[in-house]
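Quick heads-up: it's one chain on its own, the form predicted alone, in structure tokens.
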């Protein structure tokens, strides 16, 4: 079953076509990566899928239901979550409170119970805090539960943002360059976390420039160039695709099996 289907998706900004007639599908329970040179349209595709941009043409389906015209919050309620290239954490909240924000859509707390501070409400709040702590443990950032973002390492903040996205229990998680700006150790932590998310049954659509990470964790890879699909397949198939190699100008990051190109 496909969790996501994109059909003939296009988006133009004035006379510039950022995405052109793009079609692809993401199978349930897979890690599907979207790669391409700078300016290929990757983040625009994410913005179209998540509802930040409206397409000039085409449709988006989540779990078989069309979501093309739905607002971003409606898509989130249907099981779509994402992170961003630039960190989007709440600086005036603790790490634990940041994760609790991700739980809010699943907590049906009416106005009257909140005003009365009913026992049922207090019980649900305790359960939510326990779940948030468990998600932080899952992401490897539990020791920062009471810390504010300003005191946390950058790599931990990246994993905190992912934990908050996972808190909504999404069917599809869009990760936009989760390893950007990280050192090798922090990148390995993100690698392990994405694998754990995939193993938990959440489908992942990933945009990432670190090709070693992409090749290690992806089930399938879609390659964009100038807003169009250049190629698609398994990591092994993408490594051998002459068009992909040419688009990257022989980028070493594609790995040691990319034709005659060798990783440094």
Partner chain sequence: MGVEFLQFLLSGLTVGATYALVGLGFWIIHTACGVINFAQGEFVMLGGMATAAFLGLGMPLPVAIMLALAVAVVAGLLLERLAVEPTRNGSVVTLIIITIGASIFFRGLVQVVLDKDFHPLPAFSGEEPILIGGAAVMPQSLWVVGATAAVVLGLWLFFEHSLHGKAVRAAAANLLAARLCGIRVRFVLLLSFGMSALLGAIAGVLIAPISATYYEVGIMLGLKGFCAAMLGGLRSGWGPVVGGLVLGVVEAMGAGYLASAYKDAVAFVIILLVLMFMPRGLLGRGARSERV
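Quick caveat: nothing in here was measured; it's all calculated off a predicted structure. Residue numbers count along the first chain shown, from 1.
Absent from the display: the form predicted in complex with the partner chain. The rest refers to it.
**Student:** Work out which of the listed stretches, 76-84, 152-160, 182-190, 136-144, brings a heavy atom within 4.5 angstroms of the partner chain in the model of the complex.
**Tutor:** Heavy-atom contact with the partner occurs in 76-84.
**Student:** Could you confirm whether residue 47 comes within 4.5 Å of the partner chain in the model of the complex, counting heavy atoms only?
**Tutor:** Result yes; residue 47 sits at the interface with the partner chain in the model of the complex.
**Student:** Look up in the model of the complex whether residue 20 has a non-hydrogen atom within 4.5 angstroms of the partner chain, and give yes or no.
**Tutor:** Close contact is absent here: in the model of the complex, residue 20 is far from the partner chain, nothing within 4.5 Å, heavy atoms only.
**Student:** Should residue 27 be counted as a contact of the partner chain in the model of the complex, where contact means heavy atoms within 4.5 Å?
**Tutor:** No, no contact at 4.5 Å.
**Student:** Using 4.5 Å between non-hydrogen atoms, is residue 68 touching the partner chain in the model of the complex?
**Tutor:** Output for residue 68 is no: heavy atoms all beyond 4.5 Å of the partner chain.
**Student:** In sequence order, which positions of 48-80 have a non-hydrogen atom within 4.5 Å of the partner chain in the model of the complex?
**Tutor:** If the 4.5 Å heavy-atom criterion is applied to the partner chain in the model of the complex, 48-80 yields 52, 53.
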